[in-house]
Ligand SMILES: NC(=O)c1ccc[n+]([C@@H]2O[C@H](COP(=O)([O-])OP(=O)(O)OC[C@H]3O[C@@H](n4cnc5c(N)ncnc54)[C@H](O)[C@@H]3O)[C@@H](O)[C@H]2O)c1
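Just the one chain here, laid out as structure tokens, in the form predicted alone.
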Amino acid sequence: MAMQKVTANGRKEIRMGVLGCGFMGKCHANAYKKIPYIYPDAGVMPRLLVLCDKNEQIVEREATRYGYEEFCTDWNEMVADERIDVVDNCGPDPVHPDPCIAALENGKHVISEKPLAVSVDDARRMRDAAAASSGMAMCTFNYRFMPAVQMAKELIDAGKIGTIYQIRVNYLQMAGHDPSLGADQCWYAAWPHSGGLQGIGSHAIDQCRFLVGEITSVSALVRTFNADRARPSAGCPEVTSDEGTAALLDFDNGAIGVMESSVVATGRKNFLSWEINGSKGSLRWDLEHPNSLFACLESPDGPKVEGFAEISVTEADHTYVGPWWPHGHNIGWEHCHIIEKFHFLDTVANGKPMNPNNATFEDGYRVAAIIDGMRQSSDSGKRIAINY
């Protein structure tokens, strides 16, 4: 047989314009490059058309590295480009609102990294723009797409742990544990200075909402332990770069929660964890053991409660696992980003309803409102009701 040219074979091309070529820009580009061969039956073909960042030398280098066809330094030019189907905003937190809103007003589909915005007012503007747009919008809360987290949600929704009583959730890192490190050496205190609660606490809050329910009030302490790092956030001077948060959460279903976020937790590199206790059982999970869900459930023979058992969520029939590797082969942090982006682009390409596990701009706004409530509580010493 003579050699033949490979064709797209009917795959639907989705032309991407991505803002930001740092850590998350790299992560998202990786996802788009892997979608076609992990999900061949969906017929989705992301095309890395334009990469945008303000530094011309850097963006040209990274566009070449990641395989983009073009680059630019003005996001206004990119969001107005009629060729682009999806605008993906991986820029710094204060640069989320205006480009996303402009893209939505131009009818683009939009992906925004979390947090949706530094201020709750900006997050509300983004939520409203998404509601008014013909385009769809997703906020990147990627941990929803870890197969073990999805199994937990399925067990909860099926009533397997009964009435939920409590959740304890933590997101801990050690980025700023050393007091000798300057602000520019700590990601949460470097520009735009938006802090640990925005950067990682937002994920912990989203896990609470995703798994347990809506949060109705908070009591919180938000602290910066190294005063020289408490710099006002760019574009939102009432927010400073915090380092630790401890909060009590009240849920609309009667459950209560305890949440911690820390970027000074010595020894913790990237530790997201939660435990949920219910009337029939309990579940726990952490990011250092991402493929394992620990479950304590009633025996099928009666009300006797067994101890925690480790479930390896790596079988082909587990949600989100099938397209990947043979059973028992682990997946990790990058994979939940790929899974998340695929489901959004599958919606765009094939006219499907948005996957209910994809976080919307409404979800992003509600997380911003909860963070705002935590800051108000810390400043006032009072419990704050969350009004959406």
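Everything quoted here is computed from the prediction, not taken from an experiment. In case it trips you up, residue 1 is the first one in the sequence shown, and so on.
Although not depicted, the form predicted in complex with the named molecule is the subject of the following passage.
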item: Asp206 within 4.5 Å of the named molecule in the model of the complex, heavy atoms; value: no
item: 4.5 Å heavy atom contact, Trp325 to the named molecule in the model of the complex; value: no
item: Partner contact for Val95 in the model of the complex: the named molecule, 4.5 angstroms, heavy atom; value: yes
item: Heavy atom of Ile371 within 4.5 Å of the named molecule in the model of the complex; value: no
item: Interface residue in the model of the complex among Thr245, Ser119, Gln150, Thr140, criterion: non-hydrogen atom within 4.5 angstroms of the named molecule; value: Thr140
item: Single option in Trp285, Trp75, Phe145, Tyr188 placed near the named molecule in the model of the complex, where near means a heavy atom within 4.5 Å; value: Trp75
item: Candidate spot Leu19, Cys52 and His193, all three touching the named molecule in the model of the complex (heavy atom, 4.5 Å); value: yes
item: Interface segment, criterion being heavy atoms within 4.5 Å of the named molecule in the model of the complex, picked from 154 to 162, 275 to 283, 217 to 225, 87 to 95; value: 87 to 95
item: Sequence-ordered residues of 316 to 348 touching the named molecule in the model of the complex, heavy atom within 4.5 Å; value: Trp333, His337
